[in-house]
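Shown next are two forms of a single protein chain, provided one at a time as C-alpha cells under the names structure 1 and structure 2.
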Structure 1
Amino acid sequence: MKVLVADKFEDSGLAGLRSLGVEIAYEPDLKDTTLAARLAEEPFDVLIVRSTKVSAEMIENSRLGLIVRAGAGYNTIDVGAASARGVLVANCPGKNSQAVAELAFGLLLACDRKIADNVAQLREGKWNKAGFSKARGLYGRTLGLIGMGNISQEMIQRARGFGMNVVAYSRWMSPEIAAALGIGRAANLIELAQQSDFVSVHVSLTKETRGMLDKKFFDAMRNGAVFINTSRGEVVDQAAMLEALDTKELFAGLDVFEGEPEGGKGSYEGPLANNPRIYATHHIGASTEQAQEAVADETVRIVREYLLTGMVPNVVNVKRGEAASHVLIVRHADRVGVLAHVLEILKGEGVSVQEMENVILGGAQAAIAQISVDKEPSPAATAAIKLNANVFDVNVMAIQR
C-alpha cells in the first residue's frame, strides 16, 4: 500500500505509518497543481491531508481508495467527487476538542477583559487602567453554545469552573439530554441569542449550517454581548456580524473568518484587520502539541484498519442503509468462494448490495454474513444460495424504519 502525506504531520504519526509496513511519501509542501500532478503520476492508495484542499480533478485523476483528513472538519475535500469515484473519506473527530475549547474560552476571556488592547497600549508606553477597568465579568453570566458535540461539552466543563450558566441550541438535543448535562435548552437560534451574554459556535460546515448565523441572529443578540467562533467562517454572515458590532456594541473573538489566508503564512487586508471590536487569531484552534499527537494517532489507526480489514473508521461519505430494505443473513462455513456464490445469485436477480459484514466465529470454522440489500430476494434465490454445501442457513429480514 502506498500512502502520500501531503501536509505537515507529526513524527509520531509518520513512525506509526512506517510500522504498518506501508510505503510512505512525505511531501508536506504539495498544493494545488503540484498535488494534482503527483496523484496523477503515481498510484497512491491513501492520501493524508490537514488543511490542503483536495479537488474533484485530483480525485478523478488518481488511484486513491481513501482520503484521511487529519483533523475534524472535511470541507476542504470534495466529498461528492470522492463518493462518485468510490473513494472513502475519513476524519479524526473529537481528537482536538480540548484544544479548540481552550482557545474558545481564551478568546472569551480576552474579549471581556480586552487583554490584547491592554498589551498593545503598554507596548506603546501607555497606561490606561481607567479605560480597561470596565469588564462585565463571567461569573453568573450566561454562555450560549451553538452545537452540542465534543467541543461544546468541553466548554460546559470550563464554564462551570467560572460559575457561568449554560444554554445550548442543537437540533438533536432533547430536553432530557439538556437536563442530564445540567444546562438550559434553547428552542432555536433566536432564543439562544436573546438569552446569552456570550455565544460560542461549535458546528461543522454543512449545507444546513452555511450562513445560519445571519442578520436575524445578530439582531437578536444582547447589546454588549460577546460572539466567539472557532468552528468555520462560512457558518456566519460576516457582513451582518460586522454591522452588529457597531449597532449593538458586540465584541467578537474569531479563530475563523471569511477571506482568511490559506497555509501557514500569508497576508490579510480584510475588514477584520483593524476593527477594534474584533480579536482574531490565525485558525489555530486545533494547533496544540497534545491535539496534533492525538490526531496523528487516530490517523494511523484509520490507515491500519483499512490495511488489515478494508474497513474505515470515521468514514464520512458512507450513507449507511439509506436504500436498504432487507437484510440477508447467511450462516456458513468459513470457506473460500461461499460469499462469491451468494453475491453471484443476488446479482442475477438484480438485487443491489448496500452493505455487507462477515463475522468470523471462534475457531475460524464458521461465519455469519449480514448483507443489506435494496429489495427482497425471491424464494428461488434463497433456495439457490442454500444449494451450496457450505451454507448452513439463510434468512431474510425486512428492515424496520
Structure 2
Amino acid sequence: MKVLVADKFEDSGLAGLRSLGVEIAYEPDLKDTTLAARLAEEPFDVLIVRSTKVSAEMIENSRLGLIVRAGAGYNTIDVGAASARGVLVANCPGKNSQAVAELAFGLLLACDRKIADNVAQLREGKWNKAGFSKARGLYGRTLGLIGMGNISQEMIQRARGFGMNVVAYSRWMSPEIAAALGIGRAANLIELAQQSDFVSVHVSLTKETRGMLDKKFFDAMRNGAVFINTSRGEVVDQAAMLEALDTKELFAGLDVFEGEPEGGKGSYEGPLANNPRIYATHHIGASTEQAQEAVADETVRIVREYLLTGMVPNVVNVKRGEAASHVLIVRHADRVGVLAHVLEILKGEGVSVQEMENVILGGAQAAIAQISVDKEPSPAATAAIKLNANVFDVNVMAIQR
C-alpha cells in the first residue's frame, strides 16, 4: 500500500505508519498543481492531509481509495467528488478539540485584557496602565457557544473554571441535554447574540453554515461584546463583522480567515490583519504537541484498519442505508456461489444492493446474509432465490424509519 502524506505530520505518526509496513512518501510542501501532478503520476492508495486542499480534479486523476483528514474539519476536501469516485474520506474527530478550546480561551482573555497591545506598547518603551485598565472581566459573564460538538463541550468545562454562565445555540441540543450539561439554550442565533457577553463559534463549514453569522446576527450582539472564531472564516459574513467592530465596539479574536494561505508559510494581507479591534492568530488552534500526537495516532489507526480489514473508522462520506427501502435476510449453507446466485437474481430484477453483510455462524456450516436494497424484490424473485439448494430461507422486510 502506498501512502502520500501531503502536509506537516508528527514524527510519531510517520513512525507509526512505517511500522505498518506501508510505503510512505512524506512530501509536506505539496499543494495545488504539485499535489495534483504527484497524485496523477504515482498510484497512491491513501492520501493524508491537514488543511491542504484536495480538489475533484486531484481525486479523479488518482488511484486513491482513502483520504484521511488529519484533523477535524474536512471542508477543504471535495467530499462529493470523492464519493462519486468511490473514495472514502475519514477525519479524526475530537482529537484536537482541547487544543482549540485552549486557544479560544486565550483569544477571549486576550481580547478582554488587550494583552497583545499591552505587549506591543511595552516593547516600544511605553507604560500605559491607565489606557489598559478598562477590562470587563470574565467572572459572572455569559459565554455564548454556537454549535455543540467536541470543541464547544470542551469550552463549557473551561468556562466553568472561570465562573462564567454558558448559553448555546445548537440544532440538536434538547432542553434536557442543555440541563444535563448545566447550560442555557438559545432558540436561535439572534437570541444567543442578545444574551452573550462573549460569543465563540464552533460549527463545521457546510453550505448551511457558510455566511451564517450575518448582519442580523452582529446587529443583535451586545455593545462591547467579544466575538471569537476558531472554526472557519467562511462561517462569518466578513463585511458585517467588520462593520460591527466599529458600530458595536466589538473586539474579535480570530484564528481562521476566508482565503487564508494553505500550509505553514505565506503572505496574508486581508482586511482583518491590521484592524486594531482584531486579535488574530495563524490558524494554530490544533497546533499543540498533544493535539498533533493524538491526531497522528488516530490517523495511524485509520490507515491500520484500512490496511488490515478494509474497514475505515470515522468515515464521513458513507450514507448508511439512506436509499434502502427493504432488507433481505438470506439464511444459507456456507457454500461458494450462494451469494452470487442471490445477486444475479436481484440484478435481473433491477434491484440495487445498498449494503450487504454476510456472517458465518459457529461451526462454519451456515451463514446469514443481510442485504439492503432500494426496492422490494417481487415474490417471483424471492421464490427463485429459494430454489438454490443451499438457501434455507429468505425473508424480505420493509425498513421502518
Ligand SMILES: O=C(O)C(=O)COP(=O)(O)O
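For residue numbers, the reference is structure 1: its sequence is counted from 1. Note that the rigid core is defined as the largest set of C-alphas that superpose within 1.5 Å between two forms. Just so you know, these numbers come straight off a predicted model, no measurement behind them.
Of the two forms shown alone, the one predicted alone: Answer 1, the form predicted alone.
C-alpha of residue 341 moved at least 2 Å between structures 1 and 2 on rigid core: Comparing forms between structures 1 and 2, the residue 341 CA shifts at least 2 Å.
After fitting the core, residue 14 CA displacement of 2 Å or more between structures 1 and 2: No, residue 14 moves less than 2 Å.
Did residue 66 shift 2 Å or more between structures 1 and 2, C-alpha, core superposed: For residue 66, whose C-alpha is compared between structures 1 and 2 after core superposition, the shift is less than 2 Å.
Per-residue Cα shift, residue 390, between structures 1 and 2 [Å; core superposed]: Spelling it out: core superposed, C-alpha of residue 390 shifted, distance 5.7 Å.
Cα displacement of residue 376 between structures 1 and 2, once the rigid core is superposed (Å): The alpha-carbon displacement, core-superposed, is 2.8 Å.
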